[in-house]
Every structure is written in structure tokens, then in C-alpha cells.
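Okay, here we've got a single chain as C-alpha cells, the form predicted alone, with questions on binding and movement later.
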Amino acid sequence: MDYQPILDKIRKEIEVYAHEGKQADYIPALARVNPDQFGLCLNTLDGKTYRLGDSATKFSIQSISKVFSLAIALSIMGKDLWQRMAKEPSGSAFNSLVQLEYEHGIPRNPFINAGALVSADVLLSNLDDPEAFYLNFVRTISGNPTIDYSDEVAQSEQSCSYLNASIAYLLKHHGNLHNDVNQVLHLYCRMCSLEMSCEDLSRAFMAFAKSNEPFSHAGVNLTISRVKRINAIMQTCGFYDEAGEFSFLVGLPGKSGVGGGIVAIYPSRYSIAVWSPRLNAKGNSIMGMKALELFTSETEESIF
């Protein structure tokens, strides 16, 4: 299939949403991003690449980073990781303290903040230099050695991470955080600050789209079964408390971030990444969500 005419058509159709929503402003560095940007990149397993707009512009991937940290943590701990976090949709805000307290310090899934803090804790406990390991892993699977953290975003995020600190201390109280809280928060904010383009993300997630092949990249080794399980969690938990809506409208496993990025995969076919900073009330990119909904509708391709 030649996807470019479909993408060009979608770009025109979503223009009506161009000024809806606003960029994340609770992190000062993200509030300063130009919200009127849009990029998309699609990579297929047969080697074709399709692009739209600002596909090469780097942005803060934020919670998309949680897929990478989960892959590393699962590679390290295997099935024992699921004793420290569950695999269920949260049904609550991604930064809920109430749910974590009610469930005795076991995060509902790896993609809410509590789960990602536990993943960061696993990396700190098992890697000599987790920041360097994480960065090398992402550079390797994306094929871009220039990818890096944003000091500005990481410092901005950590300067106002009061709620994440509360979550971390509650995890610590329940014995589900083994390292110093400040060290965990620092690593978590660094991972979220990673800057990638749609082209970078689409290439990186090809490793997850190739779900029938063993996963072995930069010291991160996962069985075919575990890659498929990561994809399953992306399907059920990848969009905060809008995962059901994304499954209903788009029908692909994926992950979003409050930087305005969304990446999704069709296993054994393609990986697609889209970016537009203006968010809806749930923290997901308005134009990104609509673009992916139209894409799977126009192509009549989804996993269902």
C-alpha cells in the first residue's frame, strides 16, 4: 500500500483541530514549546518510510519513555518484575496517590507514574550507570547516536515534581522502592526528558513491531513472549485513562506522552509516530489522536 496519499489527505482533514487544546504547562519547559507544530513518520517492516510536516523535529518524549524503561526492567528481572507492579488499566489519573495507597504500594501498571518510578528503581539497583545504559539502548534501537536528554526539561520537571515525590515516598513506605527517593526521581525525570523526533520514535518502536523476532538490543534481551506482553500493556494501559477510547477509535497498541507525542505499532507491519503539542483534558495530543484514528479508518488496518 502507498500510504503517502492517505497521510496527505489526513493532514488536511485534521487542520480543523489545529488550535484546540494547549500544551502541557505544569512543566515550565514544556509550556514554552511552540504548540503549532505537527509531525508524523511511518516505517513499515518492508523498509518504506513516509513522512509529514515536522517529522524530524525533536521533542520531549515524556511518558513514552516508560516503554523503554519497562523493556530494560523486564529484561533484568523477568517475571519477578510483576511482583512489584500489576498489569491492569488504572481507571484513575496517571499520578493518583489514592489508588496507590489503596493497593498497598503496588502500582496498577508500568505506564502510570508509580509504575515508572518502580522501573527506574530497578534500573538503579541493577545497572552501574543507568542513565548511560538507558541512553545507549534508545540510541541503538532508534539508530540515532545523537539522541540525548534535555537538561532544561529534566531540571524543569524535577523542580515541580512534588506529586511524584509523594508517590515515591509512598512506594518507599510500602517497601517497593529500594533506592534513595531523590536518586529515583532524578533518573525518572532524566528519562522523561529524552528528546526524539517522530522519525526516531518510529524507528525505535520497530523493535516492538517485530514481535515475532527475539528482542536483543544494547544489552536488553527479551523473549518473543515478553515483547508481545509489552505490546499488550501498551494496548490496555498506554494512554492514561483514555486507553479504552484509543483502542476503540484506533485499534493499535501504543503510548502517548504529555510532550504531545504518540507512537503506535501494527505488529509485523509498521510503526507510526505522530507529534502535536496541544493536548486534550486527558493529556493526549488532540491532532495526534485524530490523525491515528483517521489513519486506521482510511487503511482499514487495525489489530482487531
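Bear in mind that the values here come from a model prediction, so they are computed numbers and not experimental data. Start at 1 and count along the sequence shown; that's the residue number.
Not on display, but discussed next: the form predicted in complex with another copy of the chain.
Query raised in the report: Even though another copy of the chain is not shown here, does P28 get within 4.5 Å of it in the model of the complex, heavy atoms only?
Result: Close contact is absent here: in the model of the complex, P28 is far from another copy of the chain, nothing within 4.5 Å, heavy atoms only.
Report task. Tell me, yes or no, whether D36 is in contact with another copy of the chain in the model of the complex, where a contact means a heavy atom of each within 4.5 Å. Result -> Looking in the model of the complex, residue contacts with another copy of the chain do not include D36, since no heavy atom lies within 4.5 Å.
Query raised in the report: So, in the model of the complex, is L163 in contact with another copy of the chain at a 4.5 angstroms heavy atom limit?
Result: Yes.
Query raised in the report: Taking 4.5 angstroms as the cut-off for heavy atoms, does I64 touch another copy of the chain in the model of the complex?
Result: Outside the cut-off, so no.
Query - Contact test, all of L7, A18 and E195, partner another copy of the chain in the model of the complex, heavy atom 4.5 Å - result: No: no residue has a heavy atom within 4.5 Å of the partner.
Query - Contact residue in the model of the complex, from S90, N176, N136, S156 (heavy atom within 4.5 Å of another copy of the chain) - result: Looking at the other structure, the residue within range turns out to be S90.
Query raised in the report: Which single stretch, out of 164-172, 119-127, 214-222, 142-150, brings residue heavy atoms within 4.5 Å of another copy of the chain in the model of the complex?
Result: Of the stretches listed, the one contacting the partner is 164-172.
Report task. Sequence order please: the residues of 245-275 with a heavy atom within 4.5 Å of another copy of the chain in the model of the complex. Result -> Residues within 4.5 Å: E245, S247, F248, L249, P253, P267.
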